[in-house]
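The form predicted alone is given below as one chain in structure tokens.
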Amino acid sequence: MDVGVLRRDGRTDPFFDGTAAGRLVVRRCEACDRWFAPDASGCPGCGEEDLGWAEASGAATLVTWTVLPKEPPVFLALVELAEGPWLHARLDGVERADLREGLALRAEFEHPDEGESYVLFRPWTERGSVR
């Protein structure tokens, strides 16, 4: 699926630097050790306004999804990272029949010829990525 050309907006540079290097980098509050999505601007728990960036494990679980009626079908999902934040992302290497809440996923990275690299998620087993 063509996602278009992704461009940085300045405040997400560390996130896109991470995806270019094959790493999932999200926001983290060092004061109270809470993790947040890349677009978070502050910690609602302790009030810290200067969130840092930290590398997440890339492990996630499927929360919910939708299927775009294209050929082949496109799967868009809301996933929960092992560290806690929820992210919107594309699923890859899945079949409609395999989708279920709680499905174990692993972050993978696409590196297009133009624009920024981006994260997507694939099913994960103890032996590794299904695809």
Partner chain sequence: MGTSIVGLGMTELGRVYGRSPRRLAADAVRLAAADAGLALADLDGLLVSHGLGGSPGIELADTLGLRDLRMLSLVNSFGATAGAMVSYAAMSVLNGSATTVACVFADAPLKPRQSAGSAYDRGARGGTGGAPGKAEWYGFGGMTAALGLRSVNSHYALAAQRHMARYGTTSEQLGAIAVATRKWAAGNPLAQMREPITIEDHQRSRWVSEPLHLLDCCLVSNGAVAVIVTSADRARDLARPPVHLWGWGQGHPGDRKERGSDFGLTTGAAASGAAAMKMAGVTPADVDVCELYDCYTYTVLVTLEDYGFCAKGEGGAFAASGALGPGGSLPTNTGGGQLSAYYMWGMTPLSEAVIQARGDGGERQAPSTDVILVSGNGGILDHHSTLVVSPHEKGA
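These numbers come from a predicted model, not from an experiment. Positions refer to the first chain, counted from 1.
Heads up, the form predicted together with its partner chain isn't pictured, but that's what we're talking about next.
Participant: Any chance L68 has a heavy atom within 4.5 Å of its partner chain in the model of the complex?
Facilitator: Yes, L68 lies within 4.5 Å of its partner chain in the model of the complex.
Participant: Does any heavy atom of P44 come within 4.5 Å of a heavy atom of its partner chain in the model of the complex?
Facilitator: Output for P44 is yes: heavy atoms within 4.5 Å of its partner chain.
Participant: Please tell me whether any heavy atom belonging to T64 falls inside 4.5 Å of a heavy atom of its partner chain, as the geometry stands in the model of the complex.
Facilitator: Yes.
Participant: Quick one: is R28 in contact with its partner chain in the model of the complex, heavy atoms, 4.5 Å cut-off?
Facilitator: The answer is no: R28 has no heavy atom within 4.5 Å of its partner chain.
Participant: Could you tell me which one of A77, A56, V94, L103 places a heavy atom within 4.5 Å of its partner chain in the model of the complex?
Facilitator: After the contact test, the surviving option is A77.
Participant: For the stretch 9 to 24, return the residues whose heavy atoms include at least one within 4.5 Å of its partner chain in the model of the complex, in the order they occur.
Facilitator: Heavy-atom contacts within 4.5 Å come from D9, T12, F15, F16.
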